[in-house]
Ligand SMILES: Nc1nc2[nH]cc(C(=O)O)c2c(=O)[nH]1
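As a starting point, one isolated chain is supplied in structure tokens, in the form predicted on its own.
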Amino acid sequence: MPVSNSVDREVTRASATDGDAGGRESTDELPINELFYSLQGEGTLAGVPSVFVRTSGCNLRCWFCDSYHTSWEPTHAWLDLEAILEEIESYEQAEHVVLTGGEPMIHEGCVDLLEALDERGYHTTVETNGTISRDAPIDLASISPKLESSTPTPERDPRSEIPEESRSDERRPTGAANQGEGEWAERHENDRIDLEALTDLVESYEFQLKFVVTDEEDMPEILELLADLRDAASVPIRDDDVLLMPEGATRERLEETRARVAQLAMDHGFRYTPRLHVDLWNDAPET
């Protein structure tokens, strides 16, 4: 259910500089960019059929974001809890629900949704950048702390990740990366790591730490963050909890990064996670 096809719902395009979804915020509604059934493409549950609820709005701006229209140019329909649950339940074969974004934890309404899903017996995964922690029933916190290499700069423009031949041409950027020159680079760099929120998440939930890795230059930062988090947390953080995922939102880009990231996982004793949805469907929406 991409919002572009939902003619009977209010569709909003928020400002590219909004930290939230823009326009309004209510615990009774969530800004939904996509709601669809697919395979989990990443992490310890890769390959599991799941319903994905993709909220719009993010407090960060990764230059390689693979859901551009939830962050740089947020687009969404406002759906109430009943409508979201009805859509999820229409996929009768699904037992897993993935709440993703954008950054779903910026929305207070995500707690009500997670509680309702828990009552209905769904397994829930929340995909988060780890800067916000909320008290909600979550079966798996899929935490992806953002490294310095994610910070947007004039040299790292999100437009470079969307090829001319993209099947999802309607998502083509319109220059948001350059709006307010330097503003998002500074905000992103200041906010991308919150050790207190990370500690609370790993102490509260079953978790996986999933790092988007480009090359070996990312490893010192990962190792330093893990050392800090292990010192701060009261629960063990095993190497097996750490997943390295190749940076790339297209098959072409993954061809450049996957082999070296797999080698880095072996070198450091961490897990490697693929991006199955990119391998299968490239950068198509609703995958």
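The structure presented is a predicted model; accordingly, all values stated were derived computationally and were not measured. We number the residues from 1 along the sequence you see.
Keep in mind that the form predicted in complex with this ligand is not shown, yet the notes after this line are about it.
Trainee: The chain here is shown without this ligand. Which stretch in 218 to 226, 232 to 240, 36 to 44, 258 to 266 comes within 4.5 angstroms of it in the predicted complex, by heavy atom distance?
Mentor: Heavy-atom contact with the partner occurs in 36 to 44.
Trainee: Closest heavy atom of E127 to this ligand in the predicted complex, within 4.5 Å or not?
Mentor: Answer yes; at least one heavy atom of E127 falls within 4.5 Å of this ligand in the predicted complex.
Trainee: So in the predicted complex, is this ligand close enough to T100 to count as touching (4.5 Å, heavy atoms)?
Mentor: Although this ligand is absent here, T100 would touch it in the predicted complex, with heavy atoms inside 4.5 Å.
Trainee: What are the residues of 234 to 267, in order along the chain, with a heavy atom within 4.5 Å of this ligand in the predicted complex?
Mentor: Nothing in this stretch is in contact.
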